[in-house]
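Coming up is one lone chain in C-alpha cells, specifically the form predicted alone.
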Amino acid sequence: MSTRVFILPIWIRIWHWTNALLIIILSVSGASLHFADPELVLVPFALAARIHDLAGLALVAAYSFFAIANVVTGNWWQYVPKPEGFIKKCVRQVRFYAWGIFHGEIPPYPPTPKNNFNAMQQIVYWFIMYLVMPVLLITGVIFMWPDLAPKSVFGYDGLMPVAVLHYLAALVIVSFMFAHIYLGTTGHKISTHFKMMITGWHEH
C-alpha cells in the first residue's frame, strides 16, 4: 500500500514547469545557433537568435523568482547538504541508483516535507541551481549586451571566455535535464514523480 505526503507547494511546481519549458526552448534554439549549417537547420538562424534571446530573458526572470522565493519561504535549506552522515548517505544513494533501483529495493531516503531531496540530490541540485545556472545566465546576458564583456582576456577577445563558459554551462544543464528526466521515471510507478510535479503529492 502506497503512502502519500504533500511536499511541493504550487509556486515550486509552476516554476519547475516554466523552467523546464524554457530550457527546452533554449536548447533547441541554442543548437540551431551553434550548428548553423544550411543543411542541418533546426530553426532559421535569425528566428533562433530572437527566440533564444527572449527565452533567455524569461529564464533570468524565472531564476530571479526562484532565488527570491527560496529565501522568503526558507526553501533554500532544502538545497544545502547536511554534514551529519553525508558521505554515508551518498554511498547508500549511489548504491541504490546503481543496483537497488533495478532490483525493486525501496529508496533509502524517500522525500519528506522537511527533506525533499536525498543527499545526492542536494549536492547536485545545489551545484546546478547555485553555480551552473548563474554562470549560464550571466554569460548569456553578456552575449546580449557585449559591451559588458572585457575588451580582452589574456590577449584574447573578451567574449571568448564568455562563449566558452556559456557553452560549457549549457552542456551541463542539458546533460542534467536528460538525467533528470530519466530519474523522473524511477518512482513507485513510471508516472509517480511526474505526477508529483503536477499535484505536489509524493507517493512511496
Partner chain sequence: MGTDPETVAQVRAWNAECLQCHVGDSLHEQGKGLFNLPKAANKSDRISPKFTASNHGNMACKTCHVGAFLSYPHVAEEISKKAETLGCNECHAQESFRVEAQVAKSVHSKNLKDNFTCSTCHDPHVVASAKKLGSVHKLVAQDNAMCMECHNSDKKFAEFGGKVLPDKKRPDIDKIHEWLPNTQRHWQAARCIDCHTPPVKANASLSVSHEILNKDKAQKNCSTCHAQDSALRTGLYRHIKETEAKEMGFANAAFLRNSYVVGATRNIYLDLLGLIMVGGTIGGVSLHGLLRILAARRRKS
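Values in this document were obtained by computation on a predicted structure and should not be read as measured data. Positions refer to the first chain, counted from 1.
We do not show the form predicted in complex with the partner chain, though everything after this point is about it.
- Taking the partner from the other structure, the partner chain in the predicted complex has a heavy atom within 4.5 Å of a heavy atom of residue 190.
- For the chain shown alone, residue 101 is a contact residue for the partner chain in the predicted complex, at least one non-hydrogen atom being within 4.5 angstroms.
- Using a 4.5 angstroms threshold between heavy atoms, residue 186 counts as touching the partner chain in the predicted complex.
- Contact annotation: residue 65 falls outside 4.5 Å of the partner chain in the predicted complex, judged by heavy atom distances.
- Every member of the trio 34, 97 and 167 reaches the partner chain in the predicted complex with some non-hydrogen atom inside 4.5 Å.
- None of 57, 69, 138, 163 but one reaches within 4.5 angstroms of the partner chain in the predicted complex through a heavy atom, and that residue is 163.
- For the stretch 170 to 187, the set of residues having any non-hydrogen atom within 4.5 angstroms of the partner chain in the predicted complex comprises 171, 172, 174, 175, 178, 179, 182, 185, 186, in sequence order.
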